[in-house]
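Quick heads-up: it's one chain on its own, the form predicted on its own, in structure tokens.
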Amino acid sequence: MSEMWTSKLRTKWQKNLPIEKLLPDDQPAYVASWIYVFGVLTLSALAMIIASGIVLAFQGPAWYHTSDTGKFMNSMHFWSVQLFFVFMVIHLWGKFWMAAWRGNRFRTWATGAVAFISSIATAFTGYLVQTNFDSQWISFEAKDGFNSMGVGAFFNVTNLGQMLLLHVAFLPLILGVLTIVHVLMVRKRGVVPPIDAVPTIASGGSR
């Protein structure tokens, strides 16, 4: 085997996550249960959040208050976030009661839990960059709380520029990386079976 780092990385990737696992065409029969749908619905809502957020960011932090198109995209962004959290909480609790850390899947569970926490922080900064009375009230109420914890000098919730950076770039990058790692781990280990599942296979077309 070549000593090049690219060769080592490729060999390790092919060993741990071959293309058959990365893009499978067969899934266990129990994946047809509706509880397994909410992970995909969460990803779909996240895709809508990113797409609508990019459109909103192009015209700056205030145009969606006066433009009909901006109001529509702002509503799309808002409701995508609501659905994202609904789907993610159902997914989280479903996997909790299924004990989804079984079968050496603790890291998969942990990355999902950390992604959930980072999504809360991302959503919080979203409330702070609305450039309206709501964001002003929320930021000045939150300021006292952060100052009481001694982090106000580093995390200034009244600084619109800083909150825009966190909401548009930094926190979404963290959330995106965690999501990708989480999905790859699911592909590597497979979806967790129900506790009393019988290991049968459903070919093609199953969720």
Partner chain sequence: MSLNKELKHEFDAAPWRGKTKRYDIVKEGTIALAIVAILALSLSLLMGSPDETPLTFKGWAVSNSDNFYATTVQELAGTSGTATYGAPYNKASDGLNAGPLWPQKWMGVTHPIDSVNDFVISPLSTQVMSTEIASAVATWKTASAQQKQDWATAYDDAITKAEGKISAVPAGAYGPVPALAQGLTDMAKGGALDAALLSQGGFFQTDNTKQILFFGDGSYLDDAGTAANLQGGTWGMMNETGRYPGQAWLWLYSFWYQIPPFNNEESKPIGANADLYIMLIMGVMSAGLVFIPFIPGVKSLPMRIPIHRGIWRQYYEENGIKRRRK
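Not measured: the values here are computed from a predicted model. Numbering follows the first chain given and starts at 1.
Keep in mind that the form predicted together with its partner chain is not shown, yet the notes after this line are about it.
When its partner chain is considered in the predicted complex, D144 lines it closely, a heavy atom lying within 4.5 Å.
Contact annotation: G152 falls within 4.5 Å of its partner chain in the predicted complex, judged by heavy atom distances. Residue contact check for I35: one or more of its heavy atoms lie within 4.5 Å of its partner chain in the predicted complex. Its partner chain is not drawn, but in the predicted complex it has no heavy atom within 4.5 Å of T179. The partner is not shown here, but in the predicted complex the stretch 105 to 121 reaches within 4.5 angstroms of its partner chain through a heavy atom at R105, F106, W109, A110, A113, V114, F116, I117, I120.
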